[in-house]
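Next up is one chain by itself, shown in structure tokens, the form predicted on its own.
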Amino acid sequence: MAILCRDCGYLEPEIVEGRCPSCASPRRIAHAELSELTIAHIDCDAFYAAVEKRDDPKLQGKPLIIGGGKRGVVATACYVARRFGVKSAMPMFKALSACPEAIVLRPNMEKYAAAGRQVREILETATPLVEPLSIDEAFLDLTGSTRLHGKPPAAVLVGIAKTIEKEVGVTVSIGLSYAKFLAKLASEIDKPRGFAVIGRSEAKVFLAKLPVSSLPGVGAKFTAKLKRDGFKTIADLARLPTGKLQKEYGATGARLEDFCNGRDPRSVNPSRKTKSISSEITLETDLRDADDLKPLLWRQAERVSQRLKEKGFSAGTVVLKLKTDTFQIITRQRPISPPTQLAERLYRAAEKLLQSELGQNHYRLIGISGTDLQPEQEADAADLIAKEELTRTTKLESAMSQIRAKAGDGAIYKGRAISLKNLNPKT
């Protein structure tokens, strides 16, 4: 049974009691399959909060919540705040009730995206097979690491964690296994700065005690259905005869049968496509009038436009998202041809969708998504829309972007967005 030092990556083929003989660290992990497993999941620890604490040493040791607004939700909370029961997606009023001394900062997505890109670049030095799941987590396939780096994947992962901590200033937790969903489950076992392993020998035993909601693709509605059908744990699913789950739930059931028996046919896919780019805000007060909602809609269009440009996409469909004061979610979509990166065209399409919903409800959330993503080369073809208007709009938005890059997001607004300054939404 091999033993790995989680601080320096020193790997011994057999367990030797005590501290690491290389760096004297007590943080060591032993597992019989440690030198064989190749699929990893890396997840940054409380990422948004970690970046803020990195940039402001005065926040160290204090409870920190990233979110904002009495009616907003927690985007993330540092581990100090989590000890008080604060969780991601918790309403802010509940979070502040649980931890009244918490410091609250609004998200700075541009700063987090920059840190996320740094993390991604470090991951790609270890293997080209990196599948990002979000700004702060990814799957890695390290099958060739022994040949490429001269050491097994487990030791390579320790090196990655050290580099991220040194160069980006945040910590990560690592899950190592032979299957993607098991690697992801492993990364949640020992946070923060964790390193956990789930091998073939213990996979079924480990899974058996978990709730069915732990399986990939099993959301709240499907969990409720499975519970109604008598399945509460993964063990309940695993004991069924082969083919029974597929018979009951179709293709989804076939996938469940694989997962609950420790199988995952999915490979790490570095070309995993971005499906949509979005921006939304939760409002401090419920709104229903066009004069209140349209300025908010414009700012979301600007943010989606900026993100499309940063990621090299254009949107072929615009989706409007609204949440009513009774928490009903309404989505409406409209194709846009040619696909666009321009905030003006995103806004015009979304405004038409919004117009049909005005006067019917009060809304507590409004957002825009760009979907049906196309390469940026397809954006805003001049032969399909008025060339003069296109040139004017492109130049205007480019100039505004340059001013904001130098002087900040609040340096310049179109007239239709001015009322935002008094609404103070959670972004």
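We number the residues from 1 along the sequence you see. Because the structure is a prediction, the values reported are computed rather than measured.
If you look for the form predicted together with ligand DCP, you will not find it shown, but the lines that follow are about it.
The candidate spot formed by F181, S213 and D258 lies out of contact with ligand DCP in the predicted complex, as no residue has a heavy atom within 4.5 Å of it. Heavy atoms within 4.5 Å of ligand DCP in the predicted complex are found in exactly one of 80-88, 160-168, 277-285, 305-313, that being 80-88.
Checking K204, K94, R263, K191 for any heavy atom within 4.5 Å of ligand DCP in the predicted complex turns up a single hit: K191. Contact with ligand DCP in the predicted complex, judged by any heavy atom within 4.5 Å, is made by just one of I65, C44, L365, L34: C44.
In the predicted complex, no heavy atom of A301 sits within 4.5 Å of ligand DCP.
Though the partner is left out of this view, T76 does reach within 4.5 Å of ligand DCP in the predicted complex, counting heavy atoms only. Using a 4.5 angstroms limit between non-hydrogen atoms, D141 is distant from ligand DCP in the predicted complex. Although the partner is absent here, E344 is not a contact residue: none of its heavy atoms lies within 4.5 angstroms of ligand DCP in the predicted complex.
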